[in-house]
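Take a look at this single chain in C-alpha cells; it is the form predicted alone.
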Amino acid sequence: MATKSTGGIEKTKSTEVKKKLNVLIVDDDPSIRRLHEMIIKRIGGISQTAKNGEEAVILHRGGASFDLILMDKEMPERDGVSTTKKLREMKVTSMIVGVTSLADQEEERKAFMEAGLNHCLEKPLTMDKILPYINHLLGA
C-alpha cells in the first residue's frame, strides 16, 4: 500500500476500512449529499444526512453521535461556520471536516477552521481526498 505524508495525515491508496465509520453529511445540495453518501458507502461506512446546519444541531440534541461530520460552509438556516461553533459548544468531539468550494480562499478557510473544524477540503470530495482523514480517524 503506497503512502504519502501530508501534515500529519498519511495518504493511502487502500479503500478498506476495518471499522464501520458513522458519518453525518451536512450539505444543502442533494447531489453533493448523494456523492458523499456514495463515497462513505464505498468504504463500508454508515451515513446520515442533514440538509442544513440546524438539522445537524437537532440530531445532536437528540443524542445522535458520529465519528465524522462532513460540513458544507454555505447553507440556509444555519451555515457551516455557526453550526460548527454550536456543535463544539455542545461538546461534540467528532472530527469535523469542512467541505466547501471556498477552500482555496484563505480568509474564508481561516474563518471556517477557527469555528472548530479539524480539517477543510475543497469540493468536490473524492475518495483520494477523504480517505487519509478516515484512516487517521480509525487509526489505520
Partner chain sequence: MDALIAQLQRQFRDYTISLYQQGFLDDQFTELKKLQDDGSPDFVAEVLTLFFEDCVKLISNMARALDKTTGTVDFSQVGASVHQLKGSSSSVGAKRVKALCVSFKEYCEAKNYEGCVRCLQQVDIEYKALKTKLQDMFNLEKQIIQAGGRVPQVDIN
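Computed from a predicted structure; not experimentally measured. Numbering follows the first chain given and starts at 1.
There is another form of this protein, the form predicted together with the partner chain, and it is not shown here; the text below is about that form.
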(request) Could you spot which one of Ile39, Val57, Ala115, Leu68 gets a heavy atom to within 4.5 Å of the partner chain in the predicted complex? (result) Ile39
(message) At 4.5 Å between heavy atoms, only one of the stretches 90-98, 58-66, 41-49, 77-85 reaches the partner chain in the predicted complex; which one is it?
(response) 41-49
(message) Against the partner chain in the predicted complex, would Arg34 count as a contact residue? Criterion: heavy atoms within 4.5 Å.
(response) yes
(message) At 4.5 Å between heavy atoms, is Leu125 in contact with the partner chain in the predicted complex?
(response) yes
